[in-house]
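As structure tokens, one chain now follows by itself in the form predicted on its own.
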Amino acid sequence: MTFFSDTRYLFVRSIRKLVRTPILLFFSLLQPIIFLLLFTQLFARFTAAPGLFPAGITYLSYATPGILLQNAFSSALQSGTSIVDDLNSGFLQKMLVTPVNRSAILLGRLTSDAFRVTAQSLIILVLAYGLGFSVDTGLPGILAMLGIIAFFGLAWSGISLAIGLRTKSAETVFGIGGFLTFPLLFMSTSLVPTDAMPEWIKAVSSVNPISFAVNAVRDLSLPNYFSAGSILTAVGVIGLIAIVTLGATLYLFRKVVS
């Protein structure tokens, strides 16, 4: 019971810290909300281009899954700043002299990151519904979308945590996160279909992990696009990323603990 109770305590601590500083939630949501409110209106007529977008699909319906994954990706890459704060403030060192379960320290952080991404995704979905977005598969589809997004954020947060544990620098975490976010986002199917891409970007998009996740979420939302194969492929790709990133995080965390 110590492991689960310690994980719960550290999870609640992270959530309380977020609630007490809502400005962090606001600024992390600012970019995807701008994408949702401006990009979907600015590029609304792009779907009229023959042969590029699925027939009868609005740009809002096409781009919203990409914006959801963009938020999860950018939020996950910022999660390492929290572990840097705990290291620099001495909180982590104080935790290590208590009988708290060592694995619970890391798991509490990861579960709070996944919860934060899910909460942000719900806010974006509510705004998108207000603009006319809908999920064709209904409530089960929304739950499946949120599950994929949370799993995606959990996997990528491992990179941020590993960088934070390795460098102990919030500036480095932000810098690398910003460096990765936009190239991977725009070289994926988040905002445009592959037929609208130059050949070299199309080649990158075909192996871009964001594309796999976006396609699965989009297949759950667009009418007549549900595909169990794309969902299983996305879960498999995200699972491989999680093994690598969380494995690196666990290795570096054990070095810090020791």
Partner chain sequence: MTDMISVEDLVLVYGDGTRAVDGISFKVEENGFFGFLGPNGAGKSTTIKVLTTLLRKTSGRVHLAGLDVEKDAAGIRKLIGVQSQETVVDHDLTGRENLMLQGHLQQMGGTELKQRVEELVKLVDLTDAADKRALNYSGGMKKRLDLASALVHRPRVLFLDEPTTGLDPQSRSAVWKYLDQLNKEGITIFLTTQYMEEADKLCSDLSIIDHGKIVAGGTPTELKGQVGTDTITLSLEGSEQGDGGSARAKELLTKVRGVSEVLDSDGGLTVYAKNAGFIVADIVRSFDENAIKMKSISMSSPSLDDVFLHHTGHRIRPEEASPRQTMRRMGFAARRPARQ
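For clarity, every value in this text was computed on a predicted model and none was experimentally measured. Residue numbers count along the first chain shown, from 1.
Keep in mind that the form predicted in complex with the partner chain is missing from the display, and what follows is about it.
When contacts are judged by a 4.5 Å heavy atom cut-off, Phe115 does not count as touching the partner chain in the model of the complex.
Proximity of Leu125 to the partner chain in the model of the complex: non-hydrogen atoms within 4.5 Å are absent; the residue sits far from the partner. Residue contact check for Leu96: one or more of its heavy atoms lie within 4.5 Å of the partner chain in the model of the complex. Proximity of Leu146 to the partner chain in the model of the complex falls outside the 4.5 Å heavy atom cutoff. Listed stretches are 130 to 138, 82 to 90, 117 to 125, 181 to 189; the contact stretch with the partner chain in the model of the complex is 82 to 90, by a heavy atom cutoff of 4.5 Å.
Taken together, Thr2, Thr21 and Ser258 are fully in contact with the partner chain in the model of the complex: each brings a heavy atom within 4.5 Å. Taking the partner chain as it sits in the model of the complex, the stretch 124 to 163 never comes within 4.5 angstroms of it through any non-hydrogen atom.
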